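Okay, here we've got a single chain as structure tokens, the form predicted on its own, with questions on binding and movement later.
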């Protein structure tokens, strides 16, 4: 025997939302509403406070640069200095100082008034490279001798000059490093010179005298109080570059 259930009738209004009649009262279903959106200020000057992505990309004014566009605060890299200039490396000055050493009879001390260590480091690496091609790994030895030679010549010069001596250690190291150029050339030439024989010693003597003369003239020119002690300063420079030439010969 079938059983009858008293289900309330479902009424479909003209709007399309179904309603259910229960006990004479019609309860309509809730229509889903749009999610909450915060109100946008009309005069907001900060781009990321705007929720309208399209308008923020076109109306963006950079807070730093003040430019108009998508990236208004981008830096202008055309006005930046070259990287070498920011690091204190000036290739044109290094070339002028190196070229002034090439003439042992007339060394121009004008360029060496402004001392630097970029050129000496380059010559040091070149010297080590030529020694490496000759089968000698002497990076630490050459660097140590440069440091000791700079301190030695700095002390000797200021002791001879007395109160008039104004040679600083940075300038002394710069001059010794640039005057290392003849020894670097000697190291390159020695790759093609026979190992045994008097020719090797004669060539080394010429380059040592070249380096000694250049270093002595620069020391006397860039600092005060060394003119009357030129002979003793030349002897100290001769000892320094003789030690470097011994690394090349042996």
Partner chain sequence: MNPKSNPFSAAGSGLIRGGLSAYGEKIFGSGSEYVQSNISKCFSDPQYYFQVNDHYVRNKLKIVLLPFLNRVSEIFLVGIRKRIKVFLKTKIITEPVGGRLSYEPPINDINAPDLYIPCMSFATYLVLAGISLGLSGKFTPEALNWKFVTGMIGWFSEVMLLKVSILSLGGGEAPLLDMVAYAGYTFTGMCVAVLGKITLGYTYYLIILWTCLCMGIFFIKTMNRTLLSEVRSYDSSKHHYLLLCTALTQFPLMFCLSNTSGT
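Worth saying up front: this structure is predicted, and the values here are computed from it rather than measured. Numbering follows the first chain given and starts at 1.
Another form exists, predicted in complex with its partner chain; not displayed. Remarks below refer to it.
The stretch among 120 to 128, 83 to 91, 105 to 113, 163 to 171 whose residues place heavy atoms within 4.5 Å of its partner chain in the predicted bound form is 163 to 171.
Heavy atoms of residue 134 never reach within 4.5 Å of its partner chain in the predicted bound form, leaving it off the interface.
When contacts are judged by a 4.5 Å heavy atom cut-off, residue 152 counts as touching its partner chain in the predicted bound form. Interface membership of residue 98, defined by any non-hydrogen atom within 4.5 Å of its partner chain in the predicted bound form, is ruled out. Contact check for residue 139: every heavy atom lies farther than 4.5 Å from its partner chain in the predicted bound form.
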